[in-house]
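One chain is shown next in structure tokens, namely the form predicted alone.
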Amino acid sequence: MKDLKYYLKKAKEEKWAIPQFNFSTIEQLKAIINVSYKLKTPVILGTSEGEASYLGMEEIVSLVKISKNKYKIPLFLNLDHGKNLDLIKKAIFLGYDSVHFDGSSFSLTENIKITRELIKIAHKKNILVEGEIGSIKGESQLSSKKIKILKQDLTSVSDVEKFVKETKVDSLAVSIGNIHGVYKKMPKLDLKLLKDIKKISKNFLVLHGGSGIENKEIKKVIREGIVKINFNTEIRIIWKNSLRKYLKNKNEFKPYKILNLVQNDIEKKLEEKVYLLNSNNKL
């Protein structure tokens, strides 16, 4: 089976993007697997530090391995927004396909130093490393508030140039106005900044905070070089709303029947994203 790097290269050459769908429940995981199998799309299964700790990293790796062998589909595990170095290293040794080190809160020098250290460890096991430059604001939530992006939050082109040269990182998460979560007024994406970053970076460019961004904006960033887009908040919203809706049926109390309905609703949302990113039929 082809590896993650193969699909990222393919996406870059053909101008489509691989979806990363985060999960923290079994029905979310099953929904992602079913959509990957049905639509013949590679998918990245994201687990934040919290999600990974909740489900158990060993359990996650085992479940994904079983599913890959059973369905013969390209499922790739990524540790999302890793900040705990011990947890990132654990993901590497357990068999994640990639790890994201979120060094955005560090100085550029420290970010480079830690990223290089992780790359040395990860590349020995053919595992990709995703770095991050700039501050991606917001949280995975549905909010009526407005969120303001400051100039210093955005990815600096000069920092990117230095970072990629000194780390040789595989993928790079950028801050171009994207935020985590779905807010009342979403910030506008800076496409000119993305173009400038692409000019000096040959890395796989990643957009975090795909939830809440208008479809037309998603298509624009893909045209400008984004090859991986992360979705989490919208999946959580569907999970919560669906569960709440189906629990109102007082005559049904079998978990597997209720959760199967929730899973079906999640699948519909994931299918929308796959078609939006044009990642279907890419195996």
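Position 1 is the first residue in the sequence shown; the rest follow in order. Bear in mind that the values here come from a model prediction, so they are computed numbers and not experimental data.
Another form exists, predicted together with glyceraldehyde-3-phosphate (G3H); not displayed. Remarks below refer to it.
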Item to complete: Given that the partner is absent here, state which listed stretch (205-213, 106-114, 147-155, 68-76) has heavy atoms within 4.5 Å of glyceraldehyde-3-phosphate (G3H) in the model of the complex.
Response: 205-213
Item to complete: Name the residue from L194, V169, I179, V99 that puts a heavy atom within 4.5 Å of glyceraldehyde-3-phosphate (G3H) in the model of the complex.
Response: I179
Worksheet item: S36: heavy atom within 4.5 Å of glyceraldehyde-3-phosphate (G3H) in the model of the complex?
Response: no
Discussion item. Is S143 near glyceraldehyde-3-phosphate (G3H)? Define near as a heavy atom within 4.5 Å, in the model of the complex.
Written reply: no
Discussion item. At 4.5 Å between heavy atoms, is N22 in contact with glyceraldehyde-3-phosphate (G3H) in the model of the complex?
Written reply: yes
Discussion item. Residue-level contact is defined here as any heavy atom of the residue lying within 4.5 Å of glyceraldehyde-3-phosphate (G3H) in the model of the complex; does F231 satisfy this criterion?
Written reply: yes
Fill in: Stretch 52-82 - residues with a heavy atom within 4.5 Å of glyceraldehyde-3-phosphate (G3H) in the model of the complex
D80, H81
